[in-house]
Structures are given as C-alpha cells and as structure tokens.
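Okay, so here's just one chain, in structure tokens, the form predicted on its own.
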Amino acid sequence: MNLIEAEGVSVRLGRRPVLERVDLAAPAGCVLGLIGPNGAGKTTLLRLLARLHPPDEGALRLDGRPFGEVPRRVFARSVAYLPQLAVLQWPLAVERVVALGRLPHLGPWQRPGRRDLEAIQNAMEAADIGAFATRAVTTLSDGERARAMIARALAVEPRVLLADEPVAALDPGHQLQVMALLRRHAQKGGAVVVVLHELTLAARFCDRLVMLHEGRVLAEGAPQEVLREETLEEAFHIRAHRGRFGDETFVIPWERVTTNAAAPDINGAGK
C-alpha cells in the first residue's frame, strides 16, 4: 500500500498554474525523489503532502485515507516535514530543538518519558550532532543547522519523511550521510519523499523519481528511466556524463545545451 499519495493535484496562484494534474505515490520502503528545475513546483508539491496547503483540485491520501479523514494529531505523528533551510530565531540548545520532534507524542504539559528520550538520542546520533548538543542552534553553521533539523524530523519517528533539499547546505561527506539516513528510514518500512538537485545522489539513493517541469510531471519511474538524455535536456537544458561505480550509476551534469541557432560571426562566415 502507498503510505502517501497525490492524485491529480493542481495548484494555482491567481491565474498562474503552479501544479497541474500531478500524481505521486510513495509506498513503504521507497525513497521517492522530486527533481526538476527551479520553479517547477517541487516545494509546492511537498507542502501539499505535508498538509500545509490544500490543493485547488485533486486528492491527497495517507495510508489510503483522505487527508481530511486523518486527525491532525495522527498526521503529525505519521508525517514529518523538513523544510529547506528552516529559520530558527530562538537560541535554544540543539538537543531541545531535536526534542521538539516528540511534541506530537506528548500531551499538554507532559514531560518526555524514557521512550521519548531514547528517540531524541537516536536521532541526534543518526544525524551526527552529539558534539554540539548543548550549543545554541543560532550559533550553528548552515550545514550544522540542517543536520539538527534532520534530527528533529527523525525524532518524530514518522512513517513518512518529507525533506526539501536536505543536503543543500552540507559538505559532500554529510550529504552522503544524510542520504544514507533517508535510505535506512525507507528500509525500516517508512517512505521518503525528498526534493533534490544533485542528480548523482538522486540516481544512487532514490528508488523512483518524479521529474517536474512547468508544474507537470515530465517523467516518472526508476532513475535510469527518468534521467535520460532527452528529459535532462528538456527540463534542465543540460547534457550529462554517465558512468558506473560497482553496481551503481552516477550522472554528472556536464554542459549546458543552447537551443538558439548559432549566430553568424562578425566576418559573415555564418552566412
């Protein structure tokens, strides 16, 4: 069964379409990557799945149930949303920020119990942030803050993890670490929907990809089916270099494709 899905969802801002009749389904055990150029509608789609914005048309379901039939508290325990470069204004200690992920599991004024503290500790270890657990989150670098927010999402222990460019501010080592974390979450029976711009990471760590272009699904399927020469050229105006390392494929953006006809040179050689 699909843990989370969208069917025919559309969003408009005034008369401008942002998403048009988009379908998406993430079953248990799947890392689903959302890729596409800037402005394609990826973040909007993720916010729909996070129940932060209703679609103008279409249906959204969690475990086969329409979102409207899922109590808010149940949804908050089941789905964790990791926005891109979340703004944190209060100088809370990192471990307290991570502990916020347990709020859906606690009653009013209830203190975290042993099970909650274990979840918080496990999340911090997974995100490799134990070394700065007591530091104020406002003193962290962008990459450190991104890992703290990943830990907060993991502390929820959600079935579905929605992540908007979670590796954008990270160095290569922590990019690989975060993608491995998402992979392990799916392997444990969860589902992940992640927005990515790094095509090699998408090819390596995602089970399926949805490529959006101008608010529509341009391609959907296994990475090798989506990251084809023609789709990369149409969506990103690029050509890519492809190869294999062991059993895995990598895709490296190599050159931008110009669609304009070559202009004649100043000596008229192009005439």
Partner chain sequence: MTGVAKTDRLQPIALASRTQGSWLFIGLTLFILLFFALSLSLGRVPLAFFEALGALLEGEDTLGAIVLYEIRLPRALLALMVGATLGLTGAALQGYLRNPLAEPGIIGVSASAALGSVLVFYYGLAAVFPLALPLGGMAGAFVAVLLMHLLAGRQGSALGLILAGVAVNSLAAALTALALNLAPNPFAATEIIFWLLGSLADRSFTHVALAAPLMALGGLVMLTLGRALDALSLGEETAESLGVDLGALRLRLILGTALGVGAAVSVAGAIGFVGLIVPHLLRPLVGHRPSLLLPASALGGAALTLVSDIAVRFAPFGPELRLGVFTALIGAPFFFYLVIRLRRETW
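Positions refer to the first chain, counted from 1. For clarity, every value in this text was computed on a predicted model and none was experimentally measured.
There is also a form predicted in complex with the partner chain; it is not shown, and the following applies to it.
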| property | result |
| --- | --- |
| Triple contact flag Leu3, Leu34 and Arg183 to the partner chain in the predicted bound form, non-hydrogen atom at 4.5 angstroms | no |
| The single option of Glu165, Glu144, Glu95, Glu198 touching the partner chain in the predicted bound form, heavy atom within 4.5 Å | Glu95 |
| Close approach of Thr139 to the partner chain in the predicted bound form, 4.5 Å, heavy atom | no |
| Touches the partner chain in the predicted bound form: Arg47 (any heavy atom, 4.5 Å) | yes |
| Residue contact check: Met124 to the partner chain in the predicted bound form, 4.5 Å heavy atom | yes |
| The partner chain contact in the predicted bound form: Gly101, any heavy atom under 4.5 Å | yes |
| Residues within 4.5 Å of the partner chain in the predicted bound form, restricted to 54-76 and counted by heavy atom | Arg72, Ala76 |
